[in-house]
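Coming up is one lone chain in structure tokens, specifically the form predicted alone.
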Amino acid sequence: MTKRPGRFSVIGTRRPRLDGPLKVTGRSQFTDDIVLPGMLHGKIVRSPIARGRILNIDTARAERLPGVKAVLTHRDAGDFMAGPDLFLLKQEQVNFFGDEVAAVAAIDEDTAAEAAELITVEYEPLPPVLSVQQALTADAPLIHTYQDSNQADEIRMDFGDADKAFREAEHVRTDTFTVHPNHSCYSEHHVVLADYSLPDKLTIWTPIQSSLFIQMNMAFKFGLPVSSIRIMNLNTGGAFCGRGGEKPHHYIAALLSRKAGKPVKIQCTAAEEFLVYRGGGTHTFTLKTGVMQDGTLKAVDTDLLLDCGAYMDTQFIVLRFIGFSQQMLYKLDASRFRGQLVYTNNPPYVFHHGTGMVALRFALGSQLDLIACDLDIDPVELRVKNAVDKNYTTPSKIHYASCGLKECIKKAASKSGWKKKYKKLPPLQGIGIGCGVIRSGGKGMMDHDTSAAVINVGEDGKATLFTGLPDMGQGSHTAMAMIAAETLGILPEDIRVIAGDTDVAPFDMGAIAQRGTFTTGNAVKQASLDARRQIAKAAAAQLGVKPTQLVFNNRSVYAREAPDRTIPFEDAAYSTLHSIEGRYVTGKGFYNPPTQAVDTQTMQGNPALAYSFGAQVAEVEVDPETGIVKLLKMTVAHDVGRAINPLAVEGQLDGQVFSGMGQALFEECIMQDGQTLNPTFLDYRLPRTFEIPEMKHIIVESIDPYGPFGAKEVGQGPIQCTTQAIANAVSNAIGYPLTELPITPERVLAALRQSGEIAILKD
């Protein structure tokens, strides 16, 4: 049986996840499942106020409690820095409700909790700074006294001549949009198990997106070689940008372990999740957009104020990603951006889903609908007119080798029945569209974006694939197995994927920046080609042809010109090992996209090879009595390059819509005096399964020239479209623009009052 040109045996087929049976039967191991001999349990003493001076810390009673094996304060940690501005355990001042002050390790969790309660900390409360606006006032207290202001970071990006573009524009609109703090809502709580009982070896079990980052940072902080840090990343119960690197509890567990000489586990409680999660802070966008009367976009000028919380962490990344992203979706003459990251006494934030781009797309997408209304242009037509396309280069020199944005917009509009519904739906029903773009990996935090892979093929034809790429529930390991299987001509179930142990797994930057399928997938393909070449040498000798004439398909190896001359793949692997050479088949490969990091002076460059695009249409119904929004339908189109596994793509689209509707309609950390008032998943409103709308999937395949088999991402691209589509649909339903996320019933009712809709209904 020969392969038809351009057709695949595995790629593009609908495959269940290889780890599915283990997870649904409860046999998959997570960090909290690991119990080591002599393991202790740790607890952290946290600040009960948002800002204050530490006058005294008394640990005597805790140290005397039977079963307590170690107590940590600043006297033990010293000047240990867990971040650029974050002392691990505080000596003089606390800066947010939940700041780490002390820690204990004991023989069981109850004893550790009791010991933590016995530590007495005396505070002098100080007036907290709780908003960006307050923090920027001239008389605001300095949260970090070594700085001149509460501004943590500022970035300016200016591409093209914005002043000229605005002078030429025939219509200019300015609006302000706000996205309130939200939580990443992992299914697995933050947890770490550290074993530092040997002086020259630290082993960490924890759910993480990048084992590499935590390995390198811990090696640097503890003064150890990188090879002395072993990261065990088993299964990860969700990440959503929130597990990109280490947090204070990782370092605290390691220090407790070193002091006690035993492994120490720290498991965050439900309430602590709202102190350590590092989700998204308040984003306030002021957007000015210039456009011609025919709808041609000219320029976008954005001013962003971003609540950093008490410590900066890696939030500087958010400003830069947002600055680049505003000129990546639609063709512009110019793009100008100013972003300010501002310290407050709120919990430290980082970002939730897509590095701030979900918030940006809500703001830009909402304003685009307002401009369409101003100009009396259909919102779909306005987007198609300005959408980027293949071979387009943005003002910042980002280049698109593949692009299915226009196809996504058109197909989503067609399948949703947009023309029949826009402005024609019954009162309080609405329809809205949203679009997005996101890169697939690329240069960023390091000079390279390397992934490596190793694949061993046994004499029985079964393969073992070693990868450093974590699977956080997105099905990456199944996709990697499919890429390897297609290359070797076998089936995904013939491949076992081994990951999560830095002592075994090859180098990988991790599951960040939507790089898994693209970058690690290319590495897996290279490793599989290497293994195939080794097998082809022995198989060609058996078949009497050249290795280049062989086809690997359907668990068989045969000559392209004589498909009847075939040997089973298993036999080919066996003969490779049991030959005179005695070769054991090990394929090795790595991939580093041949791009350059963005120039730090001009902020120009093309950091990635591939970019994915999407469009979604939302349909909603608004209850005028309660303000509750019901999401009825979502039509979801996404440009994935090529769908490695269409079943997994649809699952990702469903998951992104589910999460996006949560951010659009429900999710908000209600803050008061620096404290979260709804710090449990009972009080923090999340979408429920019965609220999932009717879904229509559209997979657009633009076949990227650089991706493995043409594939790109389907990670955090779709969620960029969801929030703006829902927001535009609600605004369409009530006839009044909504400028804040989430769109809570209270905000809907306020908008209805503003629009006069309630008065009309009462009449």
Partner chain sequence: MKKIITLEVNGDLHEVAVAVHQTLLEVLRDKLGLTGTKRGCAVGTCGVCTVIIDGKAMLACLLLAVECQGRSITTIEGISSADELHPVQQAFVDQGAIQCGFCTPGIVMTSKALLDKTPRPDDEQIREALAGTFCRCTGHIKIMEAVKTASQYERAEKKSD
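Positions refer to the first chain, counted from 1. Remember, predicted model here, so these are calculated numbers, not experimental data.
Keep in mind the form predicted in complex with its partner chain is missing from the figure; the text below concerns it.
Peer 1: Given that its partner chain is left out here, which of R338, H189, R230, K537 has a heavy atom within 4.5 Å of it in the predicted bound form?
Peer 2: Contact residue from the list: H189.
Peer 1: Heavy atom within 4.5 Å of its partner chain in the predicted bound form: which of R167, K420, R688, R156 fits that? Just give me the one.
Peer 2: Spelling it out, the residue with a heavy atom inside the cut-off is R688.
Peer 1: Just one stretch in 649 to 657, 329 to 337, 526 to 534, 214 to 222 has heavy atoms within 4.5 Å of its partner chain in the predicted bound form, so which one is it?
Peer 2: Selected stretch: 649 to 657.
Peer 1: Spell out, yes or no, whether the shortest heavy atom distance between R27 and its partner chain in the predicted bound form is within 4.5 Å.
Peer 2: Yes.
Peer 1: Would M603 count as touching its partner chain in the predicted bound form under a 4.5 Å heavy atom rule?
Peer 2: Output for M603 is no: heavy atoms all beyond 4.5 Å of its partner chain.
Peer 1: Taking its partner chain as it sits in the predicted bound form, is G473 near enough to touch it, meaning that at least one heavy atom pair lies within 4.5 angstroms?
Peer 2: Answer yes; at least one heavy atom of G473 falls within 4.5 Å of its partner chain in the predicted bound form.
Peer 1: Is there any non-hydrogen atom of D33 lying within 4.5 Å of its partner chain in the predicted bound form?
Peer 2: It does: once its partner chain is placed as it appears in the predicted bound form, D33 has a heavy atom within 4.5 Å of it.
Peer 1: Would you give me the residues of 565 to 595 that have any heavy atom within 4.5 Å of its partner chain in the predicted bound form, in order from first to last?
Peer 2: Not one residue comes within 4.5 Å of the partner.
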